[in-house]
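First, one chain by itself in structure tokens, the form predicted on its own.
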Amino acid sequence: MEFYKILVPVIGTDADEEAMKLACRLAKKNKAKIWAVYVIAVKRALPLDAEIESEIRTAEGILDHIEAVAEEQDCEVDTDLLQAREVAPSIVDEAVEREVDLILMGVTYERRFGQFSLGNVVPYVLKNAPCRVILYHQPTA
């Protein structure tokens, strides 16, 4: 498989870091373009363009860290901070808009009601993505 445009949604977990390293390895093969995106979910009570300072600072820190990870891998990445009502649809919309070949997502082990859970974002992206999706599952401790 050849990838020329890769989208890496991040939320600040260790799995994001490993997903970015994997994206860099895949990108080097074909000199692919990589975008890392962080989506801030804006509550319905607020306007969509509301400036939520604490979340923006957190997101910028995470994106700066992801840029540093890519730089360590001798790879270039563009970062974007998005604000949306729902995270999952905005990831899919971003993939469509940028015409990416791959969405690469880091996934951590989470339990909900005693069962392993992928949450809401990953299943939505898997179902609606216009391209291939690779999940990097963070090993459990």
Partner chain sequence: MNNSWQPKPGDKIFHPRRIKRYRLRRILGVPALFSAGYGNVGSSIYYALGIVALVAMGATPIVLAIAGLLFIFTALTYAEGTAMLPEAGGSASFARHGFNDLAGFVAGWALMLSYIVTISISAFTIPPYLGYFWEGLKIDPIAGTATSIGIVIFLMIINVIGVKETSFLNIGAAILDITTQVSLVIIGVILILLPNPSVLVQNMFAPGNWPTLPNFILGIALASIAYTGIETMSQLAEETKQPEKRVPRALIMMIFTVLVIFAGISLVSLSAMTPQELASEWSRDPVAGIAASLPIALIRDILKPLIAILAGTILLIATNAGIMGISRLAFSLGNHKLVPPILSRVHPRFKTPYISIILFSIVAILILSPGLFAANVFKNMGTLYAFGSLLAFMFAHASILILRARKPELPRPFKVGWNITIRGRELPISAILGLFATIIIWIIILVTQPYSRWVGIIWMVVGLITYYLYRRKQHMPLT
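Numbering follows the first chain given and starts at 1. For clarity, every value in this text was computed on a predicted model and none was experimentally measured.
In what follows, reference is made to the form predicted together with its partner chain, a form of this protein that is not presented.
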Given that the partner is absent here, does residue 107 sit within 4.5 Å of its partner chain in the predicted complex, heavy atoms only?
-> no
Can residue 47 be called a contact residue for its partner chain in the predicted complex at 4.5 Å between heavy atoms?
-> yes
So, in the predicted complex, is residue 94 in contact with its partner chain at a 4.5 angstroms heavy atom limit?
-> yes
With the partner left out of view, is residue 74 within 4.5 angstroms of its partner chain in the predicted complex by any non-hydrogen atom?
-> no
All of 43, 55 and 84 within 4.5 Å of its partner chain in the predicted complex, heavy atom check = yes
